[in-house]
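Here you get one chain, nothing else, as structure tokens; it is the form predicted on its own.
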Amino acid sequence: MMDIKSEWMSLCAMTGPSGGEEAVSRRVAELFSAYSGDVWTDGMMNTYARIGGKGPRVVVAAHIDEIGLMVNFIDEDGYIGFCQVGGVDPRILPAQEVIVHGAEDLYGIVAVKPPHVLTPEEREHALAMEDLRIDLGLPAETVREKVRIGDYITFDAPPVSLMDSLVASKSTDDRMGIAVMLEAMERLKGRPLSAEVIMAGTVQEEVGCRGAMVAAQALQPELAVVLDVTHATTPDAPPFATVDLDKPCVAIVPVMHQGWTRVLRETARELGIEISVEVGGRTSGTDADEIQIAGSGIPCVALQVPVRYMHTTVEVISYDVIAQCGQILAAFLEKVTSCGEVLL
């Protein structure tokens, strides 16, 4: 049996910013191959695995890209300026350890003036991304030899195991979804499955759900299950905007199909797994927003794992909840025998 938690933690440690997911995509294909004889990758580097029967087609989607940075200039002293790839909060950047993916991988730090030398005016303003630089500790001429404008920059933040089943890492958003898929496929081994299920590791979600658009148009499923993270209870955060860290979560927003969402909640209840519910009045902020409007329209549901400190290098997540989501997903997929029988 695969040690799914260890494989997932290794996956989180890999480099894969939006548009640069190739290595992660190849690794996901290898992991999928343990459970499927039909694994492939498309031109965008979305990675797929087919399991199950010849019934209704169900796509299970989770994005594999991560937020990051990109070199946009090198100053005369060899310090690197950068822009964001995806939603990077500039407040987390000072003193971060990073890897600049130039002619070779180069370790660097995000440099900022110490508070002792700030002017009174500077102390009154939050740091902007354009005010920060990356210091590689190399002579300027060496930096210009090894680094090009447009090189990716990622955070040097390997996963760390905390107490109980908690893990702190970059890119749990959303590589936890691959772990959920693997947990579900492990449970479905040797069990009959009417639906044709396609597991999809999608790309470029952090810059506009672009991989999901391509996957949905190409596959034209009759139902989609989107796996993503949501905000866990965090100090000082408003309670209506967060859910319990130790429970799976189901999203109820207009883009989700009411009938299938009801089935998903019933599945968790039948398994004796307590869930939280996230409510939103507009879009979901997940791949479902694009999958739902592909072709003639695709019913979607969302199964989520709460994380603390989303879009940082220390996203805290519970692997027990990931495993529970895998259990819910497997049982839900076993229920899909016809996509025409579940109404709003």
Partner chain sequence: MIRKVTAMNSRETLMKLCMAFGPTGAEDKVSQVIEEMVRPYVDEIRRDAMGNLIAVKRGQGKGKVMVAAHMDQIGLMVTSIDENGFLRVANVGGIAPRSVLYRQVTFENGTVGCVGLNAKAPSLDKVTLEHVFIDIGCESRAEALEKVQIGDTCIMQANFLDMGQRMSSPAMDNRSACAVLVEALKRLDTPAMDVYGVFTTQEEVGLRGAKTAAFAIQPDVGIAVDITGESSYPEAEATCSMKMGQGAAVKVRDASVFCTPAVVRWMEETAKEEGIPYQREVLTFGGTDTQAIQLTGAGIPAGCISIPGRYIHSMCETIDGRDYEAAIALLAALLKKEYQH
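Residue numbers count along the first chain shown, from 1. It should be emphasised that the depicted structure is a prediction, and the values quoted were computed from it without experimental measurement.
One more form of this protein exists, namely the form predicted in complex with the partner chain; it is left out here, but the text below deals with it.
Novice: Go through 250, 214, 198, 268 and name the one with a heavy atom inside 4.5 Å of the partner chain in the predicted complex.
Specialist: Selected residue: 214.
Novice: In the predicted complex, which of the listed residues (15, 18, 324, 25) lies with a heavy atom within 4.5 Å of the partner chain?
Specialist: Answer to the contact question: 18.
Novice: Is residue 257 near the partner chain? Define near as a heavy atom within 4.5 Å, in the predicted complex.
Specialist: Judged by the heavy-atom cut-off of 4.5 Å, residue 257 is well away from the partner chain in the predicted complex.
Novice: Just checking whether residue 84 would be counted as a contact of the partner chain in the predicted complex - the rule being heavy atoms within 4.5 angstroms.
Specialist: Yes, contact at 4.5 Å.
Novice: Give a yes or no for residue 42: in the predicted complex, does one of its heavy atoms lie within 4.5 Å of a heavy atom belonging to the partner chain?
Specialist: Contact with the partner chain, yes.
Novice: Do residue 103 and the partner chain come within 4.5 Å of each other in the predicted complex, heavy atoms counted?
Specialist: Contact check for residue 103: no, nothing within 4.5 Å of the partner chain in the predicted complex.
Novice: Since the partner isn't included here, can you check whether the partner chain sits close to all of 70, 149 and 218 in the predicted complex (heavy atom within 4.5 Å for each)?
Specialist: Yes, the whole candidate spot contacts the partner chain.
Novice: Tell me, please, which stretch of 259-267, 188-196, 174-182, 201-209 lies within 4.5 angstroms of the partner chain in the predicted complex when heavy atoms are compared?
Specialist: Only one stretch passes the 4.5 Å heavy-atom test: 201-209.
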